[in-house]
Ligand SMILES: N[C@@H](CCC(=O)N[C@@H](CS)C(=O)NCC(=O)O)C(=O)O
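There is one chain below, alone, in structure tokens, taken in the form predicted alone.
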Amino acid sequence: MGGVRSRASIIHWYLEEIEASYEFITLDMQSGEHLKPDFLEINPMGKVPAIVDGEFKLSESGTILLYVAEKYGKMPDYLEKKAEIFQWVLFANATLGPGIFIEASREKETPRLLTPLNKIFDTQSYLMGE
């Protein structure tokens, strides 16, 4: 579940990419659907994205991405490679996202964050693997 302008689009994209079967529910954030009791049972914080997988409920985009990757066999078998994936997911959510999406820090943080990323992409197409 997610709103139109939320990180739910990342989850939606990833589920499409791996061809998983799912139902995407768009919440009307303007009308406060994410603050209604039904949704608060899924995520008491009232934030999107969130997923329901059977009886299991989970929120936070990075956590959902890692869960889906593990569930659908997209995670490597050894800890070091998993840790690299965790690093990039957490970097995107905790460092890159706030750095480029928060207006007060955007001017300073965008070049500082994107310069090293662009250097990586000068030598390889993806952060990890093919």
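Numbering starts at 1 and runs along the sequence shown. Not measured: the values here are computed from a predicted model.
What comes next is about the form predicted together with the ligand, which is not displayed.
Asn93 is the sole member of Thr26, Asn93, Ser105, Gln87 with a non-hydrogen atom within 4.5 Å of the ligand in the predicted complex. For the residues Glu70, Asp53, Glu33, Glu60, the 4.5 Å heavy atom test against the ligand in the predicted complex is passed only by Glu60. Although the partner is absent here, Lys82 sits far enough away that none of its heavy atoms falls within 4.5 Å of the ligand in the predicted complex. Among residues of the shown chain, Gly97 is not one whose heavy atoms approach the ligand to within 4.5 Å in the predicted complex. Interface membership of Lys74, defined by any non-hydrogen atom within 4.5 Å of the ligand in the predicted complex, is ruled out.
For the stretch 44 to 58, the set of residues having any non-hydrogen atom within 4.5 angstroms of the ligand in the predicted complex comprises Gly46, Lys47, Val48, Pro49, in sequence order.
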